[in-house]
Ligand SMILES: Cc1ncc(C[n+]2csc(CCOP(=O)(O)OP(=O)(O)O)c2C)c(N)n1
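To begin, one chain is listed below as structure tokens, in the form predicted on its own.
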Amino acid sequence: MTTVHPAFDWHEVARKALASRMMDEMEENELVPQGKVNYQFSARGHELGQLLLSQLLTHPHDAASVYYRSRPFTFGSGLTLEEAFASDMARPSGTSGGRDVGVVCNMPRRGRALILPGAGDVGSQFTPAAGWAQAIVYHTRELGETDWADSIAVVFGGDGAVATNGFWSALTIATTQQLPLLFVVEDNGYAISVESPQQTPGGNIAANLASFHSLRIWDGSGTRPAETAELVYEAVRYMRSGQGAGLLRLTVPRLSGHSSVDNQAYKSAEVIAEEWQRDPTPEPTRINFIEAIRRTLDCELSLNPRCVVFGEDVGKKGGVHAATLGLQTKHGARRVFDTSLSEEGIVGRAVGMAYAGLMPVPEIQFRKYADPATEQINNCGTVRWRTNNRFAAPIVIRIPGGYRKIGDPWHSVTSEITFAHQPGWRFACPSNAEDAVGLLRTALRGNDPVIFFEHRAMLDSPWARRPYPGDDYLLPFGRAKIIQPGDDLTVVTWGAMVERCELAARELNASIEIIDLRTLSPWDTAAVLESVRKTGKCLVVHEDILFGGFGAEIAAVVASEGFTYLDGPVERLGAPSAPVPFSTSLMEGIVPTVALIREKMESLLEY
């Protein structure tokens, strides 16, 4: 994001653009076919400029006059998703109480622009905006109300609307009176099926109005973030200077039909493909768990010259799970290197390196193989205490483990309780690629030793894939994530069991809250207790052996600190006291299955 204008909250832009996009797609693909939404006008392709503008309209009397493709702007101005859905589904809680077409919006000021009452007539939004702009001048100059000073009006319209009486009338008013009115023309090349040159000579209203007196023109892309941001920023800055009206033309693609009943048969396949190439909010690239680890290690190696990665086969081979593939070539064999086959030696040397100020990241190939390093792991965790804070050894031990497509007693162990019992250690067990990035980066930038558990079933799981959250993304330890909210039952889990709990909950007609702890040391007691306060019931699901497992710790805390909330026994589900077998069918008798989790959920729900 370093190439785009710093005046904007780009995280908000991305979040609300994707929310608008997902709502459009949900309406098009589900709600319209189901008859729950009757009139649907997609804003796909128009999101970027609208959301950027919404962030700049913060003066007390800024106002906007919108049209039916302005929903991203309304989101940026404070409209909630619930209100938007309710409006399109003609529900009482919508902006018109079910009286008007859903995308015809109105909204009092919520910290940003007031949204003037919209209308369904093409072009009717322009002259009320001119009236508001003239009122700004009147309040400021005639009434002396200083809080109106520097406020502006903005009006949105498409390239088809510039042929209407309303547009030309408002343009005449704004330019002759030199009003603080910004016309925003979102030119997607089509007024339903009529192409721009048949609406406007040459197809470019900005070029045609270049000689208009008292009208400043900006013309450019509405899909390239850096360019669009600069155009929007300059336009609003100029409008607040009081020099007169302005027109901002943004070229954008219309990625859906004019409405839900328009199949765009008038566009060729080549035109549609070209429009999608200009999509301002492309689908984020999803990476798998392994790629998340690799990219985070790569980033931190680049940023921190004290960081070193080592272990058996992590160099030329790139690790037996490919988590370090290519890192030695890029960062050199002194920083990413192979070791002898001695886990005690791997961890012990990491401790010594940490004493000397390096940031060692040793890899143990599988969880069971960490056992020979038990003494070094224990000593590392207690060194602060044993030396009265004179020494510390912040290292990050990466350990894959758990079942995959098949199991076995040597490679499929989790046994997280062993590490939870080690004083001084933090323990992370992410369930997906995004959390893996955030937790690993936090571990690598921290001052405590960390066991970072990478579940083998999640390494290339489609469920665990997520968009890469960026090179600055961090997640604090001890903060759980609500995978899905619910009121009937709390399910606490982590690692590979998160996906299985989600699948089990889908099969039940109940409101089940699923909590992914993400870290076990520390673990988010507050989130669990708050959820149990709401649901009254708690189920803990983990892959490790049930007897003495970490679920017992959670159950004990809930029973002790949340006893008055409970409406049933705290239940646990884990593996029996047996190794994970090699046979897939036998493994299903050990590792909790979706069916077994569902049965346990049902039993507790019926209690």
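Keep in mind it's a predicted model, so treat the numbers as computed, not measured. Numbers for residues come from their place in the sequence shown, where the first is 1.
Keep in mind the form predicted together with this ligand is missing from the figure; the text below concerns it.
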query: Candidate stretches 226-234, 444-452, 201-209, 186-194 - the one whose heavy atoms come within 4.5 Å of this ligand in the model of the complex; finding: 186-194
query: Non-hydrogen atom contact H46 with this ligand in the model of the complex at 4.5 angstroms; finding: yes
query: 4.5 Å heavy atom contact, D121 and this ligand in the model of the complex; finding: yes
query: Distance check, D159 to this ligand in the model of the complex, heavy atom within 4.5 Å; finding: yes
query: R465, heavy atom within 4.5 angstroms of this ligand in the model of the complex; finding: no
query: One residue of R109, K481, R295, H258 in contact with this ligand, assessed in the model of the complex (non-hydrogen atom, 4.5 angstroms); finding: H258
query: Contacts with this ligand in the model of the complex - residues in 60-84 whose heavy atoms fall within 4.5 Å; finding: Y67, Y68, R69
